[in-house]
Every structure is written in C-alpha cells, then in structure tokens.
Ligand code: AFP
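The chain below stands alone and is given as structure tokens, in the form predicted on its own.
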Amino acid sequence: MQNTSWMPPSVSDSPTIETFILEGMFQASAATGTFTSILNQIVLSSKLITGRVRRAGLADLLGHTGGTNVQGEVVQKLDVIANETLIRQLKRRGHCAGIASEELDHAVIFPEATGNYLVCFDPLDGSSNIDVNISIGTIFALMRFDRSKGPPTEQTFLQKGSDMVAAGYIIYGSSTVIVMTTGQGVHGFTYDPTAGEFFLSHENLRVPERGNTYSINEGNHARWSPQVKAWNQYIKGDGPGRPYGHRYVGTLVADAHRTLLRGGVFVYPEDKKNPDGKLRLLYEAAPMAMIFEAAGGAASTGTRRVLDVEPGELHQRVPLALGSKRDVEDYEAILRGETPVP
C-alpha cells in the first residue's frame, strides 16, 4: 500500500530571490537600490533565457549561426539570444554603466547610465552542449568603478577578482537554479515555472573540505605537463581516500555546480594547445573563484590564488583548479613537486 503520509514542502515557505535581495539591501545603511536593481535585471534575464532554452528544439533555436566569436568558437543561436537578452535588460534602468561579454570583442559602455557598476558575463557557458540537451549556464560578476574619475572605459573592467562585489551563475538543467554571492555566504535559488519565481532552495552553501570526485577532460592527457600528469595519476591511484571517481560534463557551470554541492575538484590546466589556460578570467574563472571561496572552497591557477590575478586584457585566459580546499591544495602541492598531506 502506498504511503501517503509524506507531503512535499510548500514553496511559499521560502523567500523569493527578489525578497532575499531586497532584505539584503535594507541591511546595508548606504544602499541606494542600484546594486539591487542590477541583480534583479540579471534574474529577469535568466527567466527569459530559461524560456528560450526550454523551447529551443521547437522554435528553430538549435544549431550555430555560421559565425565565430572573438574566442574563435562557433557561435550558437542561443549564444546570441542570451547575450542580447542580458545586454538589453542591463541597459534598461541606467544602473549598469557597461558590460563585457565573452561573445563580444570589446566592452559595451552605456553613456546615459548614472550607476557606478559594471557587469562581466559569459551569456551561455557550455554552448557546444546545447544541441545534445546537456546542462548549460550563465556566469556573471559585478564590479564597482569610481565615477568621479570619469566615465568607464574598457580598461576599467580590468580589475582583480578580489575587487568584484558579487558573482553568480545560472544553470539551465533539469531545473533552473541561480547560485550567487556578495562575498558573505553563497545561496541557491530554484525556479518554479508555475509561480514564475525563484525561491531560496540552498541556503548558505558550504563546499566539503575534501571530496571524492575529480573533473577534468582526460582527452587532453597527451597535451598536459608532467606535473599535471603526476597529479592525475595520484588522484586515480591507491591510497587513503583514493582513487577518486571521475565526473566530467564539459560545461563549466554543470561541473562547478556538482563540485560546489558535493565537494571534490574541477581542473582545466594549461596545456600544449592552450599554454595560458582555456577559461576566461573575467567571465569564468574569477566569478567562480569568488563563489567557491565564499563557500569555504578554493580556486587556484595551480600556482596562485585566482582572485589575486590582475587581468591585462579583457579576454585573458587562465588555468583553473576549483573545489574543496584540501583537494585544491593537493593539486598545488603536486605541481610544486611536493607530496600531498593525506
């Protein structure tokens, strides 16, 4: 006989993301509402992009446009839609002074804006997975600038990750989830399409100190340095807490989200094909680093803290190791030629 005594909790028991953001604003004595407005415009963009992603197969939105972006990557139709959606929404109220996107050669400045915030974003991370219905996502970060020194320029975006004031990602998977931080805690919100709202579903996320899975593209093994190969052999070898299980989706947002919730380590090192690394500092590595550090994890290039890297150009790439603090420390130790401490 079926047990009907259990009933799922009501979404009304949790605050919406707009309420959560607004309550945070009320706790800041100098708040003007500008920062809150920008976050809410990103939330609205995520709802619009979710709708397009869900209908993509029925609305001729799958496949590529025939062009390539500044990264030399094939541009998907949904890349363009997500990029234009974010730009349009962030420009609306004049609170965002400019944006930098992975899809554009240069930053876009909004000359009529009065706010003192800039936004960097990867509009649709993992777009090569769109056509095969694998989770994709959006990554974003907010930074301040000093308007008293004049309007922003492209150079104004070249700030260290430690100077960012907020970061987050949106994952479009079996459900749409927003994970974000303003530096004090990391919180997740799940979209309820029946209510048209995001509700708090993961409060105060913390990365386990150590995990039992690793995420890396093993197909690049032949291009890795001897040090990265040594780490790869170590984590698959026999020993206390090892071998780790291998999990790799190929979408940074999806691999990072699993690592954030369950622990372990995600690694995308430099290699012979990408000697400076593959992932973009401003749009991918630094925002993710801010999230993971705020959740008690770590993010490293292999030799230094990601949040300490000062960008020299808008589309700068870096190697990335992201995840549980102990697992990232093990990776750094092996790259230095040392033996990790169990």
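In this text the structure is predicted, and so the values were computed from the model without any measurement. Numbering starts at 1 and runs along the sequence shown.
Quick note: we don't show the form predicted together with this ligand, though the next part is all about it.
- Only one of 121-129, 173-181, 257-265, 228-236 places residue heavy atoms within 4.5 angstroms of this ligand in the predicted bound form, namely 121-129.
- Looking at Leu252, you'd find a heavy atom of it within 4.5 angstroms of this ligand in the predicted bound form.
- Taking the partner from the other structure, this ligand in the predicted bound form has no heavy atom within 4.5 Å of any heavy atom of Ala298.
- In the predicted bound form, this ligand lies within 4.5 Å of some heavy atom of Asn217.
- Although the partner is absent here, Leu279 lies within 4.5 Å of this ligand in the predicted bound form, judged by heavy atoms.
- Annotation for 79-112: no interface residues with this ligand in the predicted bound form [heavy atom within 4.5 Å].
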